[in-house]
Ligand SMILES: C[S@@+](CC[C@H](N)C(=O)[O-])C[C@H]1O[C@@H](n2cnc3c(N)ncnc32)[C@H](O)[C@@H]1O
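A single chain, nothing else alongside it, follows as structure tokens in the form predicted on its own.
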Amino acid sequence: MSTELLSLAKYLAASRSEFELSELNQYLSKKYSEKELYELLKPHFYDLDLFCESNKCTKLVKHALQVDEAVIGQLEAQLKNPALTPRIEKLIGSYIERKCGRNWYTGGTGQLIRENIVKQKEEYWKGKAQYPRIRMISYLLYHFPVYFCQFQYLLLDLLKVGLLTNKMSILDVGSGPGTITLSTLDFLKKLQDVYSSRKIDEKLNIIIDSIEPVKENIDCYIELTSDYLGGVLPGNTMINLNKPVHMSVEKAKLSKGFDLLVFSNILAEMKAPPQHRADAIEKLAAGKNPAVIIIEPADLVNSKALRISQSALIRKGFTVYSPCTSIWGIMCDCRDCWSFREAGHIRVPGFMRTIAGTDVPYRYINTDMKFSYVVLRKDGLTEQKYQAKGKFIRLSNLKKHIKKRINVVASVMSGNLGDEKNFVFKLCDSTSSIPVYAVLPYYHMTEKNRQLFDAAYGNIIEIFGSLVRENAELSSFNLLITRNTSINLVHI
């Protein structure tokens, strides 16, 4: 493309709120068709702050995506029964069939895939996941659906609080076959469909970069994302996917900054110990003021390792936006924290049901969305602005109050870990290095304390009149919630 064309486009973009691409021919020494102008300038629309469709270009002013109760309600309804959309399910199914043949689930191929699913699970929990060609198929069959669905819950969280914008650059770190990228594209389509139904005009210009160390993963990423974008994108949406950078996460260094960086199930694959993984994250998050999302499995080893990396990032100047809250103005070191979010179960996609058609199908069915995560910022911004006052006891001081009734304020950091007779929830106020749990026997449940069940993961509750008990066997404290205990869900 000529310097003359780009310079003219920059001038019009800076001086007009909108213009037609054909206008450029009035000032160019060489004339172009509208289609040629569009294709030549397409890679530059993002940097020019433009949204362009066929011939007309509109100036984009960056702002948080529009939301109201109706928009959020419609999206929540779509995610209430999580499942791969038909388009994505067909995309994955077709890819597997192209790579392994029409009858991929039978004979030696089917047996090999099932063996690899089991091996992959064993290796992943040990932090040694590898993806040779057949492992990619196993990953798509077993892990992809859950990771795809659960990330859309986090995107909805970001949308609600204004961290998703109409002009946004995203980095998918350790992209694998494109799980996070495809989940993002699908979420944006859902959002634009909701906007369209409510006659909301919101133009999007999104650019997505990625880093991936395994060549087979990159080939799969390119194929799947190209097939997705080859379909009809919703109106008012421009997506530019750059070719993945073929490099290890630790060695990768990109010159530009990003609005959102996503590290999904990649930290455990790094060779460095958890406290040093923060170095790679810090390097990639340089510039701008990005939101950084780190997601890891909910098992004990990987969940605790994530919190160690989180502590290291805090020492490097990052702030935890969510789910943890600095209730007392300090942040714990998270070194022994096992905390994860439960988001329910996904509907079993057809291809997963097909590979599981054996005498032991449970070994090949994966529907449980449990994951540990953190959202980090550099500007000190946090989701919860709550600050505790003197009428509450810090959880770090529970040792002094054993067998006493006290008032505490804390975040709820788990779903029910107990059973139907004794409800157990992990609590945290960022002061205690010893695990603390709220324990509510079902026969003590009253209208005054049932707000414990209304608290979502990361929400803050005030508890009045809980009885402190020490569980020496498990090295933890229990706050017994009785019929005389009152609980308030904090709304900020």
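Owing to the predicted nature of the structure, the values given are computational and were not obtained by experimental measurement. The first residue of the sequence shown is number 1, and the count goes up from there.
Heads up, the form predicted together with this ligand isn't pictured, but that's what we're talking about next.
At a distance threshold of 4.5 angstroms between non-hydrogen atoms, residue 93 is out of contact with this ligand in the model of the complex. The closest non-hydrogen atom of residue 414 lies beyond 4.5 Å of this ligand in the model of the complex. Among heavy atoms of residue 85, none comes within 4.5 Å of this ligand in the model of the complex. Contact annotation for residue 259: none of its heavy atoms lies within 4.5 Å of this ligand in the model of the complex. Here is the short version: of 323, 290, 174, 349, the single residue with a heavy atom within 4.5 Å of this ligand in the model of the complex is 174.
Distance criterion of 4.5 Å from any heavy atom to this ligand in the model of the complex singles out 265 from the list 265, 169, 339, 311. With this ligand omitted here, the record of contacts in the model of the complex names 249 to 257 of 350 to 358, 249 to 257, 106 to 114, 193 to 201, defined by a heavy atom within 4.5 Å. If you take 35 to 69 and check each residue for a heavy atom within 4.5 Å of this ligand in the model of the complex, you get nothing at all.
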